[in-house]
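Next up: a single chain in structure tokens, the form predicted on its own.
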Amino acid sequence: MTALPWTLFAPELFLLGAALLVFLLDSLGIRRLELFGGLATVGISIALLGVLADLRFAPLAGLATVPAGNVDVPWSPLNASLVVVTSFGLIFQAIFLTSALLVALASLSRRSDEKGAAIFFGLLLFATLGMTLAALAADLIYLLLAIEVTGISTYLLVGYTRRDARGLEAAMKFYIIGALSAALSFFGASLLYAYYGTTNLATLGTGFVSMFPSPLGGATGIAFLGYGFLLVGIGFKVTAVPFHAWAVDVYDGAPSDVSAFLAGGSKKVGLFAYFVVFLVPILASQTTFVCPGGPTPTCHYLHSTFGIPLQVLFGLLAVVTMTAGNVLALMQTEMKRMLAYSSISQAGYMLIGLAVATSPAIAGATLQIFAHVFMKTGAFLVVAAVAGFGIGSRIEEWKGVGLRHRWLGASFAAMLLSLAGIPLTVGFVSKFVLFSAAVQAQGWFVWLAVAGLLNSALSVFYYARVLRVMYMERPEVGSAPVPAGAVVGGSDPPALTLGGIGVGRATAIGLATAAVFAFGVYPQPVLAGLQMAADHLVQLL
């Protein structure tokens, strides 16, 4: 494998530079939210353009910073590099950056004199930096460290206002759970290193014991235990049941813009980690004969004893997560808590791709993750905008919102319909592709598709309840919207101009709404790219 060029980290360097510049200007006494937000938005936008160029997106291919020969090269266990460039990883980088860009745009509509603006945008950039670094991981320790860069930044983001008691409580819960998650993950990594003698992701879970002799011999129990700790530790990041309870309180207590980033962006790094950590042992569940390259190539039998149990475990985890999330969402009376449980259920659908572990299933799960960025980020941004009009967090307080604020109501309705999987939305396309892949795999995987369909039908009930309240119930007397610019309660500041929600927030919501329908009507370009990336990933692993 040829040496990777330093330009591989060009997107990360732009994010790091923007973050350091934000903190530098803040230390010089500059307190303008528009400046900090503008720097963050520009930094994220340039990084996103760079990633799209590296993916050879037609209009930007000439700006690629990574030579084509360094993308999707054979991922050999003999390779000791910490990073590897894959189409799959670049797609996840684009997903992370898109979520961050929507949140940065929306946050430009906060008050110009808001305290802590530099902290918010700086931490947003650092969290995004950690996610983009994780998408390049070829080593387990490197992957976990990159995830912790994101984790520490998001702990602080949740409580950055420092004046909101609920936000501080949510930040403390998030920190404690995050510390537990990190401890379990690194302990699991240490057990795998004890068995395999390496933390290279292409080797873990396989039978290359002749290449990397295990000091523990045939004691596979220690490896099973290591994978168990990793599954639990990363499971907290994914919000998979039963490691999900923290997410509801954190999403509810955090400012809505931060909730949008957590649900639409940062949890996706956990899903990426699940894929790159567990796909190798699952794909190696049947014995194959491989001959790694080199001056004196030696052939080995590659076999994993963990693949089948992991597939069954992830299948159960997917069903339990989607079912528990939907059932609990059905019982909620507060909007943000309902969206939080909905986000948990969506994680269950995504885990189907890992359980099936075929190229179409991986592409379908990635499309579901891609769709979730627009659906869930957009939904939380609408909640933040509606809060600027003095409308409370309880669902019953949203009576007539769709009639009083038609544009916001229509956008929120689009997000909910897409989350439910209604045709002509990207949520329908992603679920169709994912469930179809499970059916094509046959066997017990068909039941995963059946469980997904039943849960999608169940989710319609609580989404329809919100739409009924928004469009079919009259608001109570005296519940007129607060004029734009007035001070309202809660952790979210009042909105600015352009109908009372601000230009930045309106742009972010508009982009998310347009994406929901655009990719729902014409998903072929994105789907083709995801399928190609999934094919390459399966071949590389």
Partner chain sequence: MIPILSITLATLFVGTLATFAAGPRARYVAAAVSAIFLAEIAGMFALFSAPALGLALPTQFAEPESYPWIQVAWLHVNYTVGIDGISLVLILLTGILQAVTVAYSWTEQRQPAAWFGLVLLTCLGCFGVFAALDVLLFFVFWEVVLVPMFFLIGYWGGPRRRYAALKFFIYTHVASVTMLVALLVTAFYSHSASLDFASMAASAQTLALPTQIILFLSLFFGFGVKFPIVPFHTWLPDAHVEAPTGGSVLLAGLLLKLGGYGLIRWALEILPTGLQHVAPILYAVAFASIVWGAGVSLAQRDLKRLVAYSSINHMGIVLLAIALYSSLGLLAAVLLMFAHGIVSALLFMVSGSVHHTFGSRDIATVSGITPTAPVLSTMTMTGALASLGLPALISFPAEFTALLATWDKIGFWVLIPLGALVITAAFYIWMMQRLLFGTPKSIPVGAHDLPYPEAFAMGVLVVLSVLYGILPNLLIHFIQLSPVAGLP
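Numbering follows the first chain given and starts at 1. Small disclaimer: the values here were computed from a predicted structure and weren't measured.
Although it is not shown, the form predicted in complex with its partner chain is what the next lines describe.
Asker: Taking the partner as it appears in the predicted bound form, which of 369 to 377, 257 to 265, 453 to 461, 387 to 395 has residues with heavy atoms within 4.5 Å of its partner chain?
Answerer: Looking at the other structure, the answer is 453 to 461.
Asker: Does its partner chain get within 4.5 angstroms of any non-hydrogen atom of A10 in the predicted bound form?
Answerer: No, no contact at 4.5 Å.
Asker: Is E473 close enough to touch its partner chain in the predicted bound form, meaning at least one heavy atom pair within 4.5 Å?
Answerer: Heavy-atom contact with its partner chain at 4.5 Å: present for E473.
Asker: Test of understanding: in the predicted bound form, would G315 fall inside 4.5 Å of its partner chain by heavy atoms?
Answerer: So G315 does not count as contacting its partner chain.
Asker: Report yes if any heavy atom of R111 sits within 4.5 Å of a heavy atom of its partner chain in the predicted bound form; otherwise report no.
Answerer: R111 lies outside the contact set for its partner chain.
Asker: If we check its partner chain in the predicted bound form, which of the residues in 388 to 416 reach within 4.5 angstroms of it by a non-hydrogen atom?
Answerer: Residues within 4.5 Å: L403, R406.
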